[in-house]
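One chain is shown next in structure tokens, namely the form predicted alone.
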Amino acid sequence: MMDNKASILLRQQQTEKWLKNEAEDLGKEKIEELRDVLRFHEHRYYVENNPLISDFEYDTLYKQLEKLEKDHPELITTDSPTQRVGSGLIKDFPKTKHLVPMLSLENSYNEDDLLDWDRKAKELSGLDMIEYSVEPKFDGASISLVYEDDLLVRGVTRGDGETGDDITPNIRQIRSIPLSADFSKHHIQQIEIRGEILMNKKNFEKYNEGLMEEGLPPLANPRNAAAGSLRIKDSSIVRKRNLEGFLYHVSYISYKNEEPKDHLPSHSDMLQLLWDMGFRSPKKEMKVVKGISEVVKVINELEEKRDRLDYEIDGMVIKVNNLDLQEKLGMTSHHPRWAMAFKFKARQATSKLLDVQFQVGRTGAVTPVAKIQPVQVGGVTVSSISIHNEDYIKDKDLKLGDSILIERSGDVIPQIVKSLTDLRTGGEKNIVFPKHCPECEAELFKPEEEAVWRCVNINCKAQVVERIIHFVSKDAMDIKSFGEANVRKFFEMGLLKDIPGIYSFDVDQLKGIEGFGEKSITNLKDAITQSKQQPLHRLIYALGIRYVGETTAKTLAQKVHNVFDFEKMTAEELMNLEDVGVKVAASIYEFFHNHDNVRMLEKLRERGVKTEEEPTTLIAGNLSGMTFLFTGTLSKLKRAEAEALVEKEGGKIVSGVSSKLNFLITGEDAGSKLEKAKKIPSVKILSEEEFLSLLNV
């Protein structure tokens, strides 16, 4: 793949020319130039994560190519960027043999295993010290790609190692995998490349958010999301999953005529070749070291950083770097002798499902919570796990008394991976989902399009308490000293019955109650008073309207003068607002056309809570029009305070590093966002001190 300065400038010049072009009737050579331009930008975006044009500009070029190919169907090629798009449902995935069997790697869980493996490798090779490559062991779905005459002809799952499922239509949807590569210049006729399909952490979070918005349970880990996506029979859906492919091994090559003399000497050279050919190989993540003691250092360094990486990894892969030496060491019937997988500390554990309790949330959703035998997973003791809804229980085939496998990756909430059905004794019992609310006994209701049972009694005690807890929370009205424990205590004591009651709460009644001295009471009074002046977007978020998060609340607050303005808006008018779709609009409309909710807002206004402010869409400040992102731990400001300073001056907070970002502000332990930003010349990187100087603070 082109990466020198002159080539980049040439592609950029061609890009600018095509962006001005109106897709006139052009010949074969010009259409191929446009394809090359699109391939170049796909590589910059999906492989190098360093785009040179905006998404809109890419889409403009793509539409031009679509039009040209529509006008000249005889000029369409199988490796054209337009040919990634799936043609619909796949009836079945045919079984296909790998050109070379996909063997497993020998696993190591401790340093002694590595030392022993190194000793054997040195004995077999006759060397005193071996050069090793060390790279992340990506936690995804293994695949094998075959290219013939420069074109991608086959993508196959690992299967049993000998035979896998041909999922080529789905592989073609992954834009970090080239549809063609110039292997001919290396005299290669056919090549088989091994790799891993992944969903990065950011896309995984978005994917799970989408599932939960639909009332579906989130997936336990990105690996399951990636593997499941590859087996979807509608390839057009796969395209939307934002999967990525890392290619890390060439398992087979056949050459045209005779084998070239420029033989690659090492595994690291092979990864560099794949990168140069346009593949996302782990050449940037890999380190080459001499001796096993240096290998151990690299492993320890990366295990400490694993939670800050963009991808889930479950260990490191160590390979003898010299390819001739790999061949000399050979293989057993199960694994190569020249490679070893070092697995990080387990983040899975087995436990027992002891009981299920049903909890009612602020929107009435009834969520089953599994009570399990306490077990350590990823450094945390887990005793409770949400099991989401009735369908989840059926899909996982969970029963009381089951042995279960659980997983916790990084800071992710623990999930049940599966029930260990082979260990059942016959004494297990079915989990019975209630038909009535466990708190108020009202009959539960489940809309046809949802998976969640709900209590529709708005006065249900559990819902009232949860709504109050959300209302006073840090990201909502931020009433300090009014946390969850105190809300529950005050409610049980009869001192607090609803949200408006917060502002008529006789705090002096707390005198004499343990934990509430004179200072605590004064602080609580002040916090309640100060919360009355919170900005409108915080009030909107605090109301707990279904599907309305903090970002949507800010958007809504910018479009109205008074919270009661929403009462006058139709669902269609709401849908015209940014970030508001059909479900969100329907939820907002329903909330503001419920008499009890409107009356609650009237009571809040009567008690001094600010329900109006001037729209803020035209904020002008020193940072107007600029975008900011924070990474790492700030020492002088909390993250929320720093973001508020930016917004106060007219700046905008964005969620990730891209060419649209103007400033990245770094604190201690800045992670992958900093590394990404360094690759984008237009992003300016500032320390916390430089950021404060920018604001003259």
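Nothing here was measured: the structure is a model prediction, and the numbers come from that model. In this text, residue numbers run from 1 along the sequence as written.
One more form of this protein, predicted together with a small molecule, exists but is not displayed; see below.
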Does Arg175 make contact with the small molecule in the predicted bound form, using a 4.5 Å heavy atom cut-off?
no
Exercise: Thr163 in contact with the small molecule in the predicted bound form, heavy atom 4.5 Å:
no
If you check in the predicted bound form, is His388 within 4.5 Å of the small molecule, heavy atoms only?
no
is_contact(Gly159, the small molecule) in the predicted bound form, heavy atom dist at most 4.5 Å:
no
Taking the small molecule in the predicted bound form as the reference, which of Tyr132, Tyr541, Phe204, Phe138 has a non-hydrogen atom within 4.5 Å?
Phe138
Using heavy atoms only and a 4.5 Å cut-off, determine which of Asn597, Ser142, Thr611, Thr627 is in contact with the small molecule in the predicted bound form.
Ser142
Looking at 113-121, 100-108, 562-570, 449-457, which stretch has residues with any non-hydrogen atom within 4.5 Å of the small molecule in the predicted bound form?
100-108
